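First comes one chain, alone, set out as structure tokens in the form predicted alone.
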């Protein structure tokens, strides 16, 4: 039931982000000159590196899911033997990568604000900050979920299917957030 409920909830989140994309494209179609000027201020290589950090977190998240499915909450062996890592270690790496992504977004926001691109500066600023800001809030929500799952992994007397299912549904959310970001990255930074 938890998996089905999560998928249904993510479907509603998909509609939310579809609305944000629609807003972005509508504003862009009415302000083409503004979009050309404002998108030129983006540091695309920086955004690409930040995107690769987030995408790599999906891989570490999935490794944590594989460990949870094996009912292995923690590593079995030395720290350097990645093949023996449990859910906790993989999810900690995922958490760090997600936090680096959020910090990277915050640094990008600071740079853009110094270049006079703010939420209230114009239609582009509004569209950019609303779409990426809501995505950032979703990433932060995912980071909190990872902390809860890691805590549950430590607190459980016996790590079983209930704990594994919780890890799996958090991964659904995280993969969703990553896919949404890939769409945002392509729309904001690549499509001119």
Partner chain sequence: MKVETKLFGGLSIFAILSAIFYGIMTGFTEWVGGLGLTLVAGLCGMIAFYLGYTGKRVGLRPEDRTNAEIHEGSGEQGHFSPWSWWPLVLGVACATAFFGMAVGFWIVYIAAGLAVIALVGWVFEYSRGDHAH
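Numbering follows the first chain given and starts at 1. All values derive from a computational prediction rather than experimental measurement.
This protein has a second form, the form predicted in complex with its partner chain, left out of what is shown; the following refers to that one.
Although the partner is absent here, residue 156 lies within 4.5 Å of its partner chain in the model of the complex, judged by heavy atoms. Although the partner is absent here, residue 66 lies well away from its partner chain in the model of the complex, with no heavy atom inside 4.5 Å.
Among heavy atoms of residue 52, none comes within 4.5 Å of its partner chain in the model of the complex. None of the heavy atoms of residue 48 is located within 4.5 Å of its partner chain in the model of the complex. Annotated contact segment (heavy atom within 4.5 Å of its partner chain in the model of the complex): 145-153, selected among 53-61, 145-153, 35-43, 122-130. Shown here without its partner, the chain carries 93, 105 and 112, none of which come within 4.5 Å of its partner chain in the model of the complex through any heavy atom. Taking a 4.5 Å heavy atom cutoff to its partner chain in the model of the complex, the contacting residues in 15-50 are 15, 18, 21, 22, 25, 26, 29.
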